[in-house]
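Listed next as structure tokens is one chain, alone, in the form predicted on its own.
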Amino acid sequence: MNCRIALPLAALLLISSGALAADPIEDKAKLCAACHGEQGIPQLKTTPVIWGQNAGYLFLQLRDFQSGARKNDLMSPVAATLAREDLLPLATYFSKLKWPNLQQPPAPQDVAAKALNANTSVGCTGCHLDHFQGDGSTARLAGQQHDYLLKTMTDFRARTRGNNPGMSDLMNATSPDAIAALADYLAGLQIDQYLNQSQ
């Protein structure tokens, strides 16, 4: 079933049955699989990977969807059904799952060079760290869905995503060509072997 239909339907069923308030976090997390995938691979290319994402970042996004600071036709109504005390446990639950390999190819050398040039200009690694793995409340970008990365950076640039004005300022200092190169480069990064060795 398409996640545009499945997710709101599942949310309504949970609300009407009262199950959302009574089930443990693992059961509440099952609702997320309608769009984010049962094995952590989202059904739509513009839906982000949340398996293995940093817990603090996931918590802040759930909080912002709930408050309306970040808006999305699918996520906003789902976040509205969650109890405030469930946000951090849900974020922690997903952060402990293994980041999936989306089999996205590495960026060609010239594209990677353009992306790294953009990184030098706007300082992406200042927050997202040297391997774009993020930390705490900062998102992991390495290996994220290409189309999601491109859309998110473009939305920040257009200020249609409003829950991080600093990112909008940075993306406004970045050309559309550089944003496209960053999306290609970041999507193709496979860093899990490095991360496992460094832990």
Ligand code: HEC
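All residue numbers are counted from 1 along the displayed sequence. All figures in this text were calculated on a predicted structure; none of them were measured in a lab.
Below: the form predicted in complex with the named molecule, not depicted.
J.: Give a yes or no for Q133: in the predicted bound form, does one of its heavy atoms lie within 4.5 Å of a heavy atom belonging to the named molecule?
T.: Answer no; every heavy atom of Q133 is more than 4.5 Å from the named molecule in the predicted bound form.
J.: Classify A107 as contacting or not contacting the named molecule in the predicted bound form by the rule of any non-hydrogen atom within 4.5 angstroms, answering yes or no.
T.: A107: no contact with the named molecule in the predicted bound form.
J.: Answer with yes or no whether T92 is in contact with the named molecule in the predicted bound form, where contact means some heavy atom within 4.5 Å.
T.: Contact check for T92: no, nothing within 4.5 Å of the named molecule in the predicted bound form.
J.: With a cut-off of 4.5 Å between heavy atoms, is N163 one of the residues that contacts the named molecule in the predicted bound form?
T.: Taking the distances in the predicted bound form, the answer for N163 is yes, it comes within 4.5 Å of the named molecule.
J.: Of the options V111, L88, L97, V122, which one has a non-hydrogen atom that comes within 4.5 Å of the named molecule in the predicted bound form?
T.: Residue within 4.5 Å of the partner: V122.
J.: Does anything in 122-160 come within 4.5 Å of the named molecule in the predicted bound form by heavy atoms, and if so which residues, in order?
T.: Contacting residues: V122, G123, C124, C127, H128, S137, T138, A139, L141, Q144, Y148, L149, K151, T152, M153, F156.
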